[in-house]
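Take a look at this single chain, the form predicted alone, given in structure tokens.
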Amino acid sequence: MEKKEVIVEVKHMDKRFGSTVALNDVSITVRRGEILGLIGENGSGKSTVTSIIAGMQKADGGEMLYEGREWHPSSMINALENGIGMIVQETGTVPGITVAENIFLGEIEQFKKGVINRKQMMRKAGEILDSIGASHIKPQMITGALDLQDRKLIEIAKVMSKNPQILVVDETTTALSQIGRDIIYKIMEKMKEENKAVVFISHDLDEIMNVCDSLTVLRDGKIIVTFAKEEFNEDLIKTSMIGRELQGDYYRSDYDGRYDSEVVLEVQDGNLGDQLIDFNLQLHRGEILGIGGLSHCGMHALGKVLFGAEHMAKGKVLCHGQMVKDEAFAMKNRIGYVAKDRDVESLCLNASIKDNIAAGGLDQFAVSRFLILPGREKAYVQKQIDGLSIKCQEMNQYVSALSGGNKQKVVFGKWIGRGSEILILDCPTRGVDIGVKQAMYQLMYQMKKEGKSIVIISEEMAELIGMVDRLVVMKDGRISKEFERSNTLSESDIIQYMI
């Protein structure tokens, strides 16, 4: 088969962060009319190489060619102006301004004739949102009032407004529901049809095998192998990613969905706008309870309500029969919460690993609950770093420097360290690789066997089917269906009650 025209070529690229080797002699070829997938464990170098192509940072060695010429972008804005746009994994919008102002951030002067013509700016922003299939987002909305998915769609609109020749999609789909993912897939397919190029980074192996024309595997900053579409093989790709075959079961292998009759957490007649309507739910001791549905069904609001972070207009949340009044009460009663938007709600990115983990356990290691002895604090944090295999240079390293999977491990460490008996996990494996996912699933199963209780809120059907004892499907703020654990349960069985 004739090979397509090369649009970007990376040759022998090197990149270090202190003593950490992020890229080691990496060479990648991006061709027109193709979707190239990049996959690998967290910290393998996927985001590093694409961020250099897109002008976010500089390489330490090697060269890049774009359309046959040397390529040295000075910034992401410079790269986008020249036809290379990147949608990053983390949030890239400013919360306190309108959607339109975010789309035209740094470019509002184009609407200025004496004063800014806001009507024209709103109209143009609306056209851009319509063009990507996000017409439900209104240009005049304040960005901070929108959920993670809609904020991500605003970033996509901003990049696509520049009509790029190359689109880099870095883990974006992990923040999106199926509706949002379909928008991205259509954009990628359209670019391919227009003889442009897409570089797609994802941890979802099924997704990447489905949408990509070729797939390059990175491990520890090196290119391991590139597969053509006809060579895609799930087991081979997994082995290439982690350098070994996955040991043990990925999900739970047992189909014994038993749990104790004791109710440890429940919602009684809960009402929260259109998110929860006359809602009743019980979580039992030793149960892994799954909550599934489309992104706006109310399940993410439910997670906050269970933790006392959001208060219902009517109804109550009870933990062992006592009212969950707020987050302080939840923590005191051994409830932990991992938010979907971890970088905003679960972590302080500009603080160290030590500070993030220790913040959840002051009452565990502080003497008389107020005197912090450095030795005890370090031992407490080190136990979580070792137990969860958090890859870091040291505990004083900033969380912002960690990969997605290691950030999530820090969040888990915060709650596991303090001995949480109930964990509410909202999209717990978002943006983490298969090796980390497997470790997290094994940890959840171990916690179940210890009699602890877990709520998994997830948009990944395979995760819910594979892990939970009981699955509650939500639609429009209500429970539409409940399933018990079964080896015959399929995604099609569930989806019909979501839509």
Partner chain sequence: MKSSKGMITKIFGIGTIPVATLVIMLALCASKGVVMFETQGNWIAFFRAVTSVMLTTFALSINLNSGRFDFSIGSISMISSIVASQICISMGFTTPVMLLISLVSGIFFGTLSGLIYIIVKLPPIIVSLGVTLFYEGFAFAITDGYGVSFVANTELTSFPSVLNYSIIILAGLAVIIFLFDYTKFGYNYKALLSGQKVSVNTGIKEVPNAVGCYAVAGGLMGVVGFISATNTGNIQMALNFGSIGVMFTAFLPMFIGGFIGRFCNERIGYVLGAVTTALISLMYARLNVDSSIQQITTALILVGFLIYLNNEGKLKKLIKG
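If you're wondering where the values come from, they're calculated on a predicted model, not measured in any experiment. Between two forms, the rigid core is the largest collection of C-alphas that superpose within 1.5 Å. Numbering follows the first chain given and starts at 1.
The discussion below concerns the form predicted together with the partner chain, not included here.
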{"item": "Residue among I385, M121, L289, L281 with a heavy atom within 4.5 Å of the partner chain in the predicted complex", "value": "M121"}
{"item": "Listed residue (V225, M209, I242, L105) with a non-hydrogen atom within 4.5 angstroms of the partner chain in the predicted complex", "value": "L105"}
{"item": "Interface segment, criterion being heavy atoms within 4.5 Å of the partner chain in the predicted complex, picked from 190-198, 110-118, 162-170, 126-134", "value": "110-118"}
{"item": "Whether I390, G413 and A439 all lie within 4.5 angstroms of the partner chain in the predicted complex by heavy atom", "value": "no"}
{"item": "Touches the partner chain in the predicted complex: A379 (any heavy atom, 4.5 Å)", "value": "no"}
{"item": "is_contact(T93, the partner chain) in the predicted complex, heavy atom dist at most 4.5 Å", "value": "yes"}
{"item": "4.5 Å heavy atom contact, E101 to the partner chain in the predicted complex", "value": "yes"}
{"item": "4.5 Å heavy atom contact, Q322 and the partner chain in the predicted complex", "value": "no"}
{"item": "In the predicted complex, residues of 204-236 near the partner chain [heavy atom within 4.5 Å]", "value": "none"}
{"item": "E109 C-alpha shift between the shown form and the other one of 2 Å or more, rigid core reference", "value": "yes"}
{"item": "After fitting the core, K409 CA displacement of 2 Å or more between the shown form and the other one", "value": "no"}
{"item": "Large Cα shift (2 Å or above) at G55 between the shown form and the other one, core-fitted", "value": "yes"}
